[in-house]
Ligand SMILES: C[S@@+](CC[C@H](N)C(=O)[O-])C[C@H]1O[C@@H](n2cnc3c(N)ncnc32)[C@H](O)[C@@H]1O
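Taking the form predicted alone, here's one chain by itself in structure tokens.
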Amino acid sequence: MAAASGLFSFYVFHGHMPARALAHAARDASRRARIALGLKKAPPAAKPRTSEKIPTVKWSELCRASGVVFHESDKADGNVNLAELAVLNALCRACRPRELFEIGTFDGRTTLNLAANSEANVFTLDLPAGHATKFEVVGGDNKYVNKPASGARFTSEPNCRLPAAQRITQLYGDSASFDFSPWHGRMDFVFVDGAHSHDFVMNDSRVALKLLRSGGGVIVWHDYGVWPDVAVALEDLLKEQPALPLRHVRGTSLVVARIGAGGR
């Protein structure tokens, strides 16, 4: 899909996202009511989807919808959902990065959108199919590793002709052994959406912090509360660095850290 009109952007932020939040609230209220009335058994030792150790904020406390555009809004398995894409686009536009790094290209949908909502040089790293990894890849990740091609959303017609696509550099390798040193201290915005095991998330998080400029910037993680290891790893990261301003964006699986003056 080509860049959406202002009308589509308005629908996403003021129609789709509020409706989605209401639907989730209604579903949770219905489940609690059925349990209270004895119509449904409470799950044994149920674990919350997200931890209270990371404070939750509304997306509107972090960014605004103004000027946001969308490319390739259709979601495939493995992509961020539309609400998460909207928040990422708005955060990127608010940050106005000069350089941006993404760990985990997959099909390139998020990559293309981040490029379109900035004027940044975008670097995106992906693991080629069949490539050996330093850490174990958890079972559920295998189907995302063994994909036809990285970045298909920005390398295929007609998106490959877009100015935003021309600013994307595709890199390949295992994020746990890749040499990130040429990009250390250069990035204003980092999106972490690679492998979901604890070791990978910890490694990629430490890499992300090294990638930021000395003045700071924004780091965003995906799949918090969806993949258990992601939640545990981010909470372990917070133990290592208690001052790290992690915030879970309500109604999404995104966690955001806006660090220093560069994260305003």
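Note that the structure is a prediction, hence the values are computed from the model and not measured. Don't overthink the numbering: it's just position in the shown sequence, from 1.
Heads up, the form predicted together with the ligand isn't pictured, but that's what we're talking about next.
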If contact means any heavy atom within 4.5 Å, which of 181-189, 91-99, 157-165, 78-86 contacts the ligand in the model of the complex?
78-86
Hey, with the ligand in the model of the complex, do S205, E235 and H248 all fall inside the 4.5 Å heavy atom range?
no
The one option of V220, A195, C63, V230 with any heavy atom within 4.5 Å of the ligand in the model of the complex is A195
Within 4.5 Å, heavy atoms only: does F106 come near the ligand in the model of the complex?
yes
Check S118 for me: does it contact the ligand in the model of the complex (non-hydrogen atoms, 4.5 angstroms)?
no
Residue contact check: E72 to the ligand in the model of the complex, 4.5 Å heavy atom
no
Would A152 show up as a contact with the ligand in the model of the complex if we use heavy atoms at 4.5 Å?
no
Going by the ligand in the model of the complex, which residues of 115-130 come within 4.5 Å of it through any heavy atom?
L125, D126, L127
